[in-house]
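Here's a solo chain for you in structure tokens, the form predicted on its own.
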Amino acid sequence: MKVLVATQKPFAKVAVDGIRKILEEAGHEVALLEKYEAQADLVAAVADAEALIIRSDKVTEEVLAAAGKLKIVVRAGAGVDNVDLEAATKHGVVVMNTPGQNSNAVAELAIAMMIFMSRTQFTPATGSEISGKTLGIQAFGNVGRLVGAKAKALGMKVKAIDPFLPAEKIVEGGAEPAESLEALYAGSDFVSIHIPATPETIGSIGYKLITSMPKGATLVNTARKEVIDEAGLEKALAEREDLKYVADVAPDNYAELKEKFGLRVFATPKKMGAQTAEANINAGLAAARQIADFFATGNTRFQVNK
């Protein structure tokens, strides 16, 4: 089987070498498409591929239609909003992710962002400590639980909410269950967001939730920019001069927010939650193993489409 590794942001060499070793030992051919400039390059390259490994690369209807032999796509990471899942199902293509492989990297970034904003972006101005503060975690999956554990180790009180987890599971994960999303925001000095971008969550975090946060609170977004109502965020920051926002992906109105609110706002230049050597390697190797297992045994454990 031909496996195409298509990455505009390439894996580290050690990860590529590991991916190649896993797949070639399983009897598969590996082709690389790295740092490609246009979506048309991916469309052309996928024509004879039977499996595809991607990172943040977009697998659209156009890509899937061009991939007549494609049987499986594995996204090396957790989020799969860059893959058209409905189109994949229509074309008979299994889509998987690699849950947990990037989790620690994202969790460490979330903690770092809290400290960065608490210390006024490391300027000489007087900052504050996160110890003793309350952290609210919105979605308590792999990343959320790790953020909570690290926060507790730093002396924070941790609350969490997750619509897919009963309260006892949140307690088992080391957090206090919040009664509601509104209560989580109203009672947290920091809220760390870990929800996917879905029709239900896009634009769901806006003015009302943000302005319900306590004085001096910080909203931390290492999830997706789409879950924030950007107009509502701007309005909240304008009315509440004590609030702060930090994100792993810049909102569309970032330049305006930065000009208006200065050190109260920060976004990384490019999404970097999973940009560590360890996460890069872990996710790539997991993707390769899942493809080898899929072709050998039919295992679809991490399938995300129906």
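Residue positions are given as counts along the sequence shown, with the first one as 1. Given the structure is predicted, the values throughout are model-derived calculations rather than measurements.
Just so you know, the form predicted together with a small molecule exists too; it's not on screen, but the next bit is about it.
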Which listed residue (Ile228, Ala78, Ile111, Ile72) meets the criterion of a heavy atom within 4.5 Å of the small molecule in the predicted bound form?
Ala78
Contact with the small molecule in the predicted bound form, heavy atom within 4.5 Å, among Glu200, Glu129, Glu172, Glu182 goes to Glu200
Proximity to the small molecule in the predicted bound form (heavy atom, within 4.5 Å), stretch among 210 to 218, 138 to 146, 83 to 91, 114 to 122
138 to 146
Can Pro251 be called a contact residue for the small molecule in the predicted bound form at 4.5 Å between heavy atoms?
no
Should Ala223 be classed as touching the small molecule in the predicted bound form when contacts are defined as heavy atoms within 4.5 Å?
yes
Examine Asp162 and determine whether its closest non-hydrogen atom to the small molecule in the predicted bound form is within 4.5 angstroms.
yes
Looking at the partner-bound form in the predicted bound form, is Ala67 within 4.5 Å of the small molecule by any heavy atom?
no
